[in-house]
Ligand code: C5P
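Below you will find one chain, with nothing else, as structure tokens; this is the form predicted on its own, and questions on how it binds or moves follow later.
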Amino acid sequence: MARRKKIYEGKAKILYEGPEPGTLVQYFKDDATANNAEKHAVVEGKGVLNNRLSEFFMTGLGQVGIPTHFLRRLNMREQLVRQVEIIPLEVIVRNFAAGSMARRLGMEEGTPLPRPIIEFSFKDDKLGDPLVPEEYIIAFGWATQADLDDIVALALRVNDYLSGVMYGVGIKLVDFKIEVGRVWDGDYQRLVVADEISPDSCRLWDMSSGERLDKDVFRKDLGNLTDAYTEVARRLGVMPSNATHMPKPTLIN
């Protein structure tokens, strides 16, 4: 097999040069990190689950007219995506108080918010992805006001879709984060959802028990991370209904 050119490696994924111009291969690793990588472990099967779940969500978004960078899944750990110009922001959508918001404001986790609240953080692991106001974003040229208006509208549409899908399988979408990229067609710019959507990037709570089904399981040592992600995949029909754990994939030559 020819050696592929690595474009970028992050905490949970690797991007390789794609087979066609303007494409990338996104590889999902088994690495789990928390607290800006201060806590790290390799969790067997996590990359397989996130690949399949991100495929499910990105495909669903496309079906309701929300543009994404996703093209198709290639195998158990890889998907083909469109190469985009990533806006250096994490777009955080909150439906309930949790995590850093609850700590900042002294709110009890799980408190319903009066409406979905959107926050922006600057993508820089060394700085801890600090929250930034819209004024910073515009002043430093990371995005224009028109871009921000479109990003907010895009994020709210993603929230509507994800909330409905999760509600249908008994899961509360507490919050999530997405990344947004620019696609250029000549001088015309289009914004699309990029990166991934998975339990790594969402807070998901069982609606009856409050059980965590997301990366908080790893952050807070609440149990087996793969089992939690497997439960999400099982409820969404991504895995067989009798699945209890995602085994390590077998490679066939």
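Note that residue numbering follows the sequence shown and begins at 1. Small disclaimer: the values here were computed from a predicted structure and weren't measured.
One more form of this protein should be noted, the form predicted together with cytidine-5'-monophosphate (C5P), which is absent from this view; the next part is about it.
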One stretch from 81-89, 171-179, 154-162, 141-149 that, in the predicted complex, holds residues within 4.5 Å of cytidine-5'-monophosphate (C5P) by heavy atom: 171-179
Quick check on this chain: which one of A194, L61, C202, L225 has a heavy atom within 4.5 Å of cytidine-5'-monophosphate (C5P) in the predicted complex? C202
I'd like to know if A98 sits close to cytidine-5'-monophosphate (C5P) in the predicted complex, meaning any non-hydrogen atom pair within 4.5 angstroms. yes
Could you tell me if R219 has a non-hydrogen atom within 4.5 Å of cytidine-5'-monophosphate (C5P) in the predicted complex? yes
